[in-house]
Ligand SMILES: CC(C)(COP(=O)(O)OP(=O)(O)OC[C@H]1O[C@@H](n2cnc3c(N)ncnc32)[C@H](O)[C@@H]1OP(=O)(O)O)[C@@H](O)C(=O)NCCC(=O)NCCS
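The chain below stands alone and is given as structure tokens, in the form predicted alone.
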């Protein structure tokens, strides 16, 4: 079933051409195409920490458990982008544990996992398009929480996800094993329930790469709620007029 369709611009060398696209859910037997696209995008990345590689087996098991992969196809029926969504329930790797969600809310968590876009089709807002459609699919399920991880070095993905209303609630190393500390990731959250959140008018601005300072602010209860793309700075503030601490940073 086609979930969405329209037109996009393909960029190749110095040429640009308009072509149609369509979006649909992928099946388990199509994971080879997902792995191929993921590998090609990973190979082209100058900073490999930006993309954590999913395994085919892990995605297959998730799909069997109810996960979804939204695939975007070009006019030649080639997979050019996908968004992977999972429903972790009450397991250890549920990101709700990282932001101290109440235990009774963990079963209502949705993970926005990997999003990949072919370099030839970047600039078409495909991350935003697939996220919007994912939220449309999730809302009727009665889920309450969207959570995801984003690298502090991935400006455009972070901007897209924060523009959709997800806020930074944690900053820690993830995906490490066997003594590996892992790689730095923001953990972002959006509560899908209709509750208004207001932030203090006093805020701190920090550059994306100021890891230690951001981590300290978050540990003090601050939330990253806005990314200024041009200056690559994040605004942090307290919620609901909490008392502003005297913690200061040089911008």
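Nothing here was measured: the structure is a model prediction, and the numbers come from that model. Numbering follows the first chain given and starts at 1.
Although it is not shown, the form predicted in complex with the ligand is what the next lines describe.
- Proximity to the ligand in the predicted complex, defined as a heavy atom within 4.5 Å, singles out one entry of 192, 218, 50, 31, which is 50.
- None of 67, 183, 41, 70 but one reaches within 4.5 angstroms of the ligand in the predicted complex through a heavy atom, and that residue is 41.
- For the three marked residues, 115, 122 and 156, a heavy atom of each sits within 4.5 Å of the ligand in the predicted complex.
- Interface membership of residue 211, defined by any non-hydrogen atom within 4.5 Å of the ligand in the predicted complex, is ruled out.
- Interface membership of residue 45, defined by any non-hydrogen atom within 4.5 Å of the ligand in the predicted complex, is confirmed.
- The ligand is not shown here, and in the predicted complex it never comes within 4.5 Å of any heavy atom of residue 24.
- Although the partner is absent from this view, residue 126 contacts the ligand in the predicted complex, with a non-hydrogen atom inside 4.5 angstroms.
- Only one segment in the set 126-134, 85-93, 100-108, 165-173 has residues whose heavy atoms sit within 4.5 Å of the ligand in the predicted complex; it is 126-134.
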